[in-house]
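The data below hold one chain only, encoded as structure tokens and taken in the form predicted alone.
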């Protein structure tokens, strides 16, 4: 094999798209999907490539150093693409320590494993850490996050990711580990676990449940189609400069309420509803603590240096996403019922 790459969190939303891209685009690479299969890890996301000869799955937890030593010893990776993380802000408010353990301690464990196994020769190696734009805090009505924006996290989730970014950067400086970091905006697309806004609302419209909008609905986010993000990760892994940070954004700034109304319109068209039917499900709910008003990314650096830009507009990506959920109703049923968690036992423990 040309390269051996461990992708952590490869059964999750973004991770599964990255795993699929690397397995199919680089048949000469050995791709190891390392995932603990917590609530958001779903091997059904990868059913189409699970029998590929260059794909390997390892159920392992980045909090368990014995797991990491076993996997590193077995596969001797050339690269790490680190996506494993707790990522839902609401959950971080309820249980901050879970985010400290996974996002901070887990990342440091992975850094230590890489440092240990690459200590004699790190040439040709790469530790690529995927992070979020939320580490920068909140923006006013104007301006954008750049790679030089000061960190100012406002939730336990973003604080834990900011800490992990700092550790990755510190290991690069102190131990000369070949690290690279990207900070991305909100992802959306196929296989998204339905606790996040877009898949939750798609499912709620289908099942005629309320669409809970926080506060006044005027919170603004930049949205990135997950397959475009996977393409950017591919590009950064292969062509990005060591010890650099790249911001990845979709150039799609939307206020939450405008996004929800667009989603309602597209869903009504898909379902054959009377125009405006789904908007009646919108329900304004109490705002969450520490809710950042606006995020927006300036992705000029990755565009100028590596030539990356999004391939779809938000409207196009949203239509593709809706189509996918309608074409994969069994997946949605399994996820919302919890049946997806049985897939590992059915497919892997009986082999």
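Quantities reported herein were computed from a predicted structural model and do not represent experimental measurements. Think of the rigid core as the biggest set of C-alphas that the two forms share within 1.5 Å after superposition. Residue numbers count along the first chain shown, from 1.
The same protein also has a form predicted in complex with a small molecule, omitted here; what follows describes it.
- None of 117, 128, 214, 251 but one reaches within 4.5 angstroms of the small molecule in the predicted bound form through a heavy atom, and that residue is 214.
- Checking 291, 70, 319, 309 against the small molecule in the predicted bound form, a heavy atom within 4.5 Å turns up for just one residue: 291.
- Contact annotation for the candidate site: 197, 221 and 256 all lie close to the small molecule in the predicted bound form (heavy atom within 4.5 Å).
- Stretch-level contact check against the small molecule in the predicted bound form with heavy atoms at 4.5 Å: of 171 to 179, 84 to 92, 268 to 276, 237 to 245, the positive one is 84 to 92.
- A residue is said to contact a partner when one of its heavy atoms sits within 4.5 Å of a partner heavy atom; residue 154 fails this definition for the small molecule in the predicted bound form, lying far away.
- Contact check for residue 203: every heavy atom lies farther than 4.5 Å from the small molecule in the predicted bound form.
- Looking at residue 134, you'd find a heavy atom of it within 4.5 angstroms of the small molecule in the predicted bound form.
- In the predicted bound form, the small molecule lies farther than 4.5 Å from every heavy atom of residue 112.
- Once the rigid core is used as the reference frame, the Cα position of residue 13 differs between the shown form and the other one by less than 2 Å.
- Taking 2 Å as the criterion, residue 340 counts as shifted between the shown form and the other one: its C-alpha moves by at least this amount when the rigid core is aligned.
- Between this form and the other one, the CA-CA gap for residue 340 and residue 197 narrows by 3 Å or more, being smaller in the predicted bound form.
- Whereas the displayed form keeps them at a certain spacing, the CA atoms of residue 68 and residue 340 lie at least 3 angstroms farther apart in the predicted bound form.
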